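Before any questions on how it binds or moves, here is one chain, the form predicted on its own, in structure tokens.
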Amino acid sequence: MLFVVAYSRAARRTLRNLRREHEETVVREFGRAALLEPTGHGALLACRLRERYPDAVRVERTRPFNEFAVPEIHEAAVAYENEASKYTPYARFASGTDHPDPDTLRDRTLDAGL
């Protein structure tokens, strides 16, 4: 996916118009940002917007996150959401369980393949 963020008012207006004209290429809208299909057409639109507003547009390439590729983190999140009170910090919830502790999670980077 191509993640496009428009920072200036003019760039946001142009991005809004681009989203309306090319709905087939827009995956999702976020106000001043949009996800575009990772196609040649999506790249053309992103590059054109960046060319018009070089200091006011940022384009990044992203990958969808597959939560099932990190099953221990997914299982911890499901258990935390279903079993803990909304006021229980994750560190307290994970203490004494098989779920990863917060320090381990902070130091862990996700593999490039995710």
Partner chain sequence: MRFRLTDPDRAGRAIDCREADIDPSRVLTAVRDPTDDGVRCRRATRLHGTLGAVGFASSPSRRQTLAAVARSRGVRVPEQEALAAARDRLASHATEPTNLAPEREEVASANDADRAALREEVARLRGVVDATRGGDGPIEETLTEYRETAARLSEVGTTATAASERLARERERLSERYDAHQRRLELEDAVANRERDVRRALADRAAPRVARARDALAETTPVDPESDRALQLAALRAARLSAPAVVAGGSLDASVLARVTDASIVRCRDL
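As the structure is a prediction and not an experimental result, all values here were calculated from the model. Numbering follows the first chain given and starts at 1.
Form predicted in complex with its partner chain: not shown, discussed below.
This chain lacks the partner; the member of 64, 71, 54, 89 within 4.5 angstroms of its partner chain in the model of the complex by a non-hydrogen atom is 54. Residues with any non-hydrogen atom within 4.5 angstroms of its partner chain in the model of the complex fall in just one of 102-110, 8-16, 89-97, 21-29: 8-16. Contact check for residue 83: no non-hydrogen atom falls within 4.5 Å of its partner chain in the model of the complex. By the criterion of a heavy atom within 4.5 Å, residue 60 is counted among the residues contacting its partner chain in the model of the complex.
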